[in-house]
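Before any questions on binding or motion, here is one chain by itself as structure tokens, the form predicted alone.
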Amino acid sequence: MKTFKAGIVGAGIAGASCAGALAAAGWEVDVFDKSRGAGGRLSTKRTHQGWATLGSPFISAKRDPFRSQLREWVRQGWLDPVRGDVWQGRATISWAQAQLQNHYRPTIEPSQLVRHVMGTARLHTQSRVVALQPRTLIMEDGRVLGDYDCVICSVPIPQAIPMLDALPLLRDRLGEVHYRPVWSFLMRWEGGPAADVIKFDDHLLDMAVRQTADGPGLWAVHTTHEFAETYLEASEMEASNRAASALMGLLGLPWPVEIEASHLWRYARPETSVGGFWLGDRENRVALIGDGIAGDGVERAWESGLRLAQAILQSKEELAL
């Protein structure tokens, strides 16, 4: 009996959900990512006392099957519903209590959650893929990995397009998918509202989320898209100092904040998407998945990978990409 093989580029939630579903069905699955670990925007930052995340602060669900999946992850002890104090406003006006419905926070490192989703698929970190060809991946170090029954790309569209020179019919179907960026920072401070989540009414900063795995006082601060577009090419120091200044004003802090880490998510949110759950070239056994295809958010990315895997498994040898 033939063992099917898949090569997947990108270890975010879309690539992980596709890899996990195929591996659970008996496929041999290789997942390649240029980073040091899994997760994409759910990746983890190790700290002196534990971990924190500069990526997506929450995971939320609007419908099944993802809503059921989140409940299962809660039963596994990987997520908890957001039940802490959520405040919205700014110090110069007033704070009001807010709510976040159907939002969950990881209780384990988000990168480990994504690794669990991947199941028995083989993860190859710090492995950059530079080109996709029919049933073949070309690596940055010159290796040619062929003989896959299908290859799947789950990276942001602007990163995928340069990989598709050998697949012009697929590349030309991508059109213009525009992403909006976000800067994220890990900051420590004392004072401010006694909250677990702060939603700012501001054009520079969007949200601050308390990081509980590293002791008190550490927060992940996420900017607005407008801030990130203004400081898109700025140095980390310049962007960090501007964000810290804005935070001090919004919270009315008497003392400077300590900036421990920063990251620019250049492809944080697609404003548009290709449409559908995946985009495929059936003849060449290549498919694209992720939020640039299916739409913004962890839920759409997860479902994109799962739906493609289900279609591949249902079609068996025909591989209905």
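None of the values given here were measured: they were computed from a predicted structure. Residue positions are given as counts along the sequence shown, with the first one as 1.
The same protein has a further form, the form predicted together with a small molecule, not shown here; the description that follows concerns it.
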**Option touching the small molecule, based on a heavy atom within 4.5 Å in the predicted bound form, out of 52, 257, 279, 42** = 42
**Asked** Can you pick the stretch from 193-201, 143-151, 178-186, 237-245 whose heavy atoms fall within 4.5 Å of the small molecule in the predicted bound form?
**Response** 178-186
**Request:** Verify the contact flag for residue 268: yes if a non-hydrogen atom of it lies within 4.5 Å of a non-hydrogen atom of the small molecule in the predicted bound form, no if not.
**Result:** yes
**Message:** Can you work out whether residue 27 and the small molecule are in contact in the predicted bound form, taking contact to mean some heavy atom pair no more than 4.5 Å apart?
**Reply:** no
**Asked** Is there a heavy atom of residue 111 lying 4.5 Å or less from a heavy atom of the small molecule in the predicted bound form?
**Response** no
**Prompt:** Does the small molecule get within 4.5 angstroms of any non-hydrogen atom of residue 159 in the predicted bound form?
**Reply:** yes
